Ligand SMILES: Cc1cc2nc3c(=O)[nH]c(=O)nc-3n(C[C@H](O)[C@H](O)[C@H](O)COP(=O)(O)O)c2cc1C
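So this first bit is one chain, no partners, the form predicted on its own, shown in structure tokens.
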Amino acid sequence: MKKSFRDFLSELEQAGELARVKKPVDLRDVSALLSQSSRALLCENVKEYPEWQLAGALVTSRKRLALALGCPENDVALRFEQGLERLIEPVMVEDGPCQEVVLQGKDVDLTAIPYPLMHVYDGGPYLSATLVVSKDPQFGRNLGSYRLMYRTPTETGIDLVSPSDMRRYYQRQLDQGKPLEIAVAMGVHPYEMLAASYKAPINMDEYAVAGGLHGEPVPLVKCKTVDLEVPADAELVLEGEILPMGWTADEGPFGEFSQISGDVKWNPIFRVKCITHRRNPIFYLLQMPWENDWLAAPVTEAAGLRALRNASVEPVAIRAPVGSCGYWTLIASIRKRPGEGKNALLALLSVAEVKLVIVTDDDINIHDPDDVDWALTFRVQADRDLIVVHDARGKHIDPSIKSWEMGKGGLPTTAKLGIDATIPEGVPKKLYKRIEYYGQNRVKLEDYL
């Protein structure tokens, strides 16, 4: 049977990676508690929200990400790539736990959901762990993840500043003066979250990616008030529409996954028409930035592996370091043939908004920053081994691109840098032979202690 959000909580607890908080917790204290915990937390007693529990910090380490994917830590990209190679289409079911409670009309009240102010400078409370479903008559269904800032009991802002399929869907509706229907599911398995984060081709159903990760179809139920489908086992669903007003409402600041408290942006408004949820639901507070960063890493890494293979370059390992938020930097080792260091750079620089790429030979351990620094020091000549690409696609939350100069709804560009840290053409490999200590394979220190 397909794993649910609650199954993942159980797996974390069995692995000693989740702590239960049984004492009453004030919602205003939750974010601080999550930031201090070395484990995921499940708050069983949230003050003023007696029917709710609250979970957070579920994927704030690569260890817990690997646990979610069921693989070793260094294999998360390969594991995600396996899901892409065996797409399994979702199935419709008549009903599901996500609709055990249905609230419509005057009963719609976002303040009845326990989501707190997360960061000091935030423009309001935010919903962060979202799987947002939309549909276009030409391109079909799309999944994405977009933050929602509280505005009124029935409205939120929605962050649509970056290029995405749903932004395209919304623009097509906006051009006709029409709203875009969306459904927002929360409390879903990390497989669904990862699928929603993947920059899939516009005609690919991300539910099929999630199915590939699960190894079986994702059961979906029809929404109550919009023509969309959501995971039947979700904890909470918001149904409604993005109003045809364009990028005109102030949204933010917000503690971004870039580890920076971002600026105010101009965004559309999402109006909620219906709320459905489980009985005794669990609210998932995705803890910024680390959960976002770790969920971004395998998606970025898998895209890099695909780009290398499409360029006929053989990858050995790939890493999207958490220092770059699992998003802006890729480091890869390859089995190099002449000229492939540069080919690999060009392929990896094409991935999303990645702005820094380092490529090494397969003798370098890219998971060891000191080994990467060694390759950069002794295999790179700045006048020969750097590639700079101007005016590529950027992302607003990178302050260096000065996105505030773009105006409302503008899309920024960025420069990209590639560094070929492979052994230069024409330099004998023997000049990079590492030091070996005489007798090191014969003598064992433990025999003398």
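Quantities reported herein were computed from a predicted structural model and do not represent experimental measurements. Start at 1 with the first residue shown and count on from there.
Not pictured, yet referred to below: the form predicted in complex with the ligand.
A heavy atom within 4.5 Å of the ligand in the predicted bound form is found for exactly one of Ser128, Ser333, Thr156, Thr300: Ser128. Of the residues given (Thr329, Thr225, Ser164, Ser350), Ser164 alone sits with a heavy atom within 4.5 Å of the ligand in the predicted bound form. Across the options 165 to 173, 315 to 323, 272 to 280, 82 to 90, residues that bring heavy atoms within 4.5 Å of the ligand in the predicted bound form belong to 165 to 173. The ligand is not drawn, but in the predicted bound form it has a heavy atom within 4.5 Å of Ala196. The ligand is not drawn, but in the predicted bound form it has no heavy atom within 4.5 Å of Gly212.
Not displayed here, the ligand is approached by Tyr146 to within 4.5 Å at the level of heavy atoms in the predicted bound form.
For the chain shown alone, Ile364 is not a contact residue for the ligand in the predicted bound form, no non-hydrogen atom being within 4.5 angstroms. Counting a residue when any of its non-hydrogen atoms is within 4.5 Å of the ligand in the predicted bound form, the one hit in 206 to 222 is Glu206.
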